[in-house]
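What follows is one chain in structure tokens, specifically the form predicted alone.
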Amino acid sequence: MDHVRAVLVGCGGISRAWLRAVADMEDVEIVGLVDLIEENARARAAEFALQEVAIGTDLGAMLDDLVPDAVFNCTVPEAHLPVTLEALAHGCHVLGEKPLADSMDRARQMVAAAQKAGRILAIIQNRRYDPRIRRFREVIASGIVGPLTTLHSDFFIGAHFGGFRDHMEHVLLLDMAIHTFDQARFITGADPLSVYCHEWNPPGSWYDHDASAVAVFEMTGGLVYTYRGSWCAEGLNTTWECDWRAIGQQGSLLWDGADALRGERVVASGGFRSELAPLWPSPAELPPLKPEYKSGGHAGVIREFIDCVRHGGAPETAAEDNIKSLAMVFGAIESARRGCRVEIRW
């Protein structure tokens, strides 16, 4: 296969990120755009000068007509299951927007259907492909601070979206925490075992429902991961990628989700406090960012997906793995509803 022919379904705002990403990929051809509102698809075709692309409102009919290799699923979460099943039934590989599904039962159906069809089903977890998170993970994996014992993340942004998010239940956990939880799994290589979560809506919040949460996850390998987050925190906002603290047996690392990475490690012990030394006394001494990850974001995920469709293999964000990140979201929601620790299953 010298190139991949793809139909994109769901021409809302997020589809722009996809179409921008594939515009520079010579081995990807967008052959169709589908949306429930035909004008949305026509507008997106005009915006990206897709003059030969098919336009329609019926995904099944378009797949029958065009017989593409892949479907890009940019629909809302409740449509992920039917769109994915339709695409798989037509023999297409599928790359979809996060989250994988709007429930664990639907996610399991999708994973099973992809396995039965022998097709790739993968999810856009674009933060994995940022070169800075790759560097953070590689520094941890190097053992420079010893075996990892604890990971903490903070996400605090005063986000005035307006629209549907202002009225969503579990808006932080459902709409945003999937990114952070997947980052935690990626950084540590650990999987979730259990969670205790508390959700609340602070006084003065402009959201109808809980927009803040704290969660404690027990992970494989004895690791503990904590999450603190809010979408109605004014002032001193974190990056969208969170502030992170990784604690190892021989030191700690701090990463701000952007370019700032610093650490200390033990050089002598035996006293009340160990003697510590900075890992990188100046920014110039930081480990370099590897060029193969510099495409980052949506482009990085789509690039790997296309390569796997063309040459074989499984993407990093394949659904059979990504379902574990989704299970963290729904486990946290269940814990918050029940007010107790819950085991996580996928």
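Predicted model, so just to flag it, every value in this text is computed and none were measured. Residue numbers here begin at 1 and follow the sequence given.
Missing here is the form predicted in complex with a small molecule; even so, the following discussion is about that form.
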Q) What stretch, of 191 to 199, 217 to 225, 136 to 144, 71 to 79, brings heavy atoms to within 4.5 Å of the small molecule in the model of the complex? A) 71 to 79
Q) Any of the heavy atoms of I323 lying within 4.5 Å of the small molecule in the model of the complex? A) no
(Q) When the contact criterion is heavy atoms within 4.5 Å, does A277 count as touching the small molecule in the model of the complex? (A) no
Q. Are any of the heavy atoms in M25 no more than 4.5 Å from a heavy atom of the small molecule in the model of the complex?
A. no
Q. Wondering, does L36 line up within 4.5 Å of the small molecule in the model of the complex on heavy atoms?
A. yes
Q.
Can you work out which of D102, D154, D175, E264 has a heavy atom no more than 4.5 Å from the small molecule in the model of the complex?
A. D175
Q) Between the options E97, D210, E241, D182, which residue brings a heavy atom to within 4.5 Å of the small molecule in the model of the complex? A) E97
Q. Looking at the small molecule in the model of the complex, do all three of R5, A122 and P315 come within 4.5 Å of it through at least one heavy atom?
A. no
